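Single chain ahead, by itself, as structure tokens, in the form predicted on its own.
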């Protein structure tokens, strides 16, 4: 069974937060949502988590008790201990015999010795790992994670990914907003958002393969509006270039190129239709 979003649109006043977004979410897979600030990632995930934001479109989701959600911030009760946070979830979902699973989840993310620790006094990475464990405790069929690994240390990132991949291997569908595109490359599918519009969707390798033109490595860019830094050098997109003498295109390159192409299209539209 899969869950679907068709022609999802949402406005906040005069702002189009999401426009005709389509997505298919399948059990056992990780689906990445990527895009810059203001792209609509968090808004989309809130809708997928079951929040009614007065959106339009056709949305087929599990029942609320079958959804686990970690928002971009929070997800825990800071004045409760780690054990009390897990117990709160267990009571809210009316779970029975939940302690062995709670212990297993906390062990997988190195929090099994933190039972009495007040969660608000833990590090950011520890709090995100606890939030992930809480979301997974009821064994939800759909797991929604909003930038759960953003800003945490490398070890905590690895441990969070251990939770995420285990949830998918156990049959859950995972939808995760990501800022680290090396993580997105691990996903079965990617949805790239830009100002609420879908720029690309599909498997990571298909999105990369669809890039038109060429990307050239330079010490100094000849066109800064089409260039971005990678380490000490620059990458520059030539929309009319051929594949000859190009570097290997990464998912990060592909996302940047697609956003640049969209911005160029929007600029041409504005020039042809002055306000």
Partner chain sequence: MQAMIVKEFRQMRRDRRTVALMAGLPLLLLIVFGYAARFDVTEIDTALLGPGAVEMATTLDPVFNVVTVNELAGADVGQDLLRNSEAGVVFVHTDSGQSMLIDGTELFMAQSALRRVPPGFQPNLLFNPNLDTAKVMVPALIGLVLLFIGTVITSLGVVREREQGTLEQLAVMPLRAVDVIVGKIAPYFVVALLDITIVTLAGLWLFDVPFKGSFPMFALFSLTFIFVVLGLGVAISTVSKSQSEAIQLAIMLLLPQIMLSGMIFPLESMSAEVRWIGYFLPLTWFVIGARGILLKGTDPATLLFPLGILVLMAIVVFGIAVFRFHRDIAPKRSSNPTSPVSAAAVES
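Positions refer to the first chain, counted from 1. Bear in mind the structure is a predicted one, so any value in this text is a computation, not a measurement.
Just so you know, the form predicted in complex with its partner chain exists too; it's not on screen, but the next bit is about it.
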Item to check | Answer option from 200, 89, 172, 111, heavy atom within 4.5 Å of its partner chain in the predicted complex | outcome: 89
Checklist entry - Considering 208, 215, 226, 49, which brings a non-hydrogen atom within 4.5 Å of its partner chain in the predicted complex? => result 49
Checklist entry - According to a 4.5 angstroms non-hydrogen atom cut-off, is residue 116 in contact with its partner chain in the predicted complex? => result no
Next on the checklist: Can you tell me if residue 238 lies within 4.5 angstroms of its partner chain in the predicted complex, counting non-hydrogen atoms only?
Outcome noted: no
Checklist entry - Is residue 182 close enough to touch its partner chain in the predicted complex, meaning at least one heavy atom pair within 4.5 Å? => result no
Checklist entry - Looking in the predicted complex, any heavy atom of residue 196 within 4.5 Å of its partner chain? => result no
Checklist entry - Among 151-159, 200-208, 71-79, 98-106, which stretch has residues whose heavy atoms lie within 4.5 Å of its partner chain in the predicted complex? => result 71-79
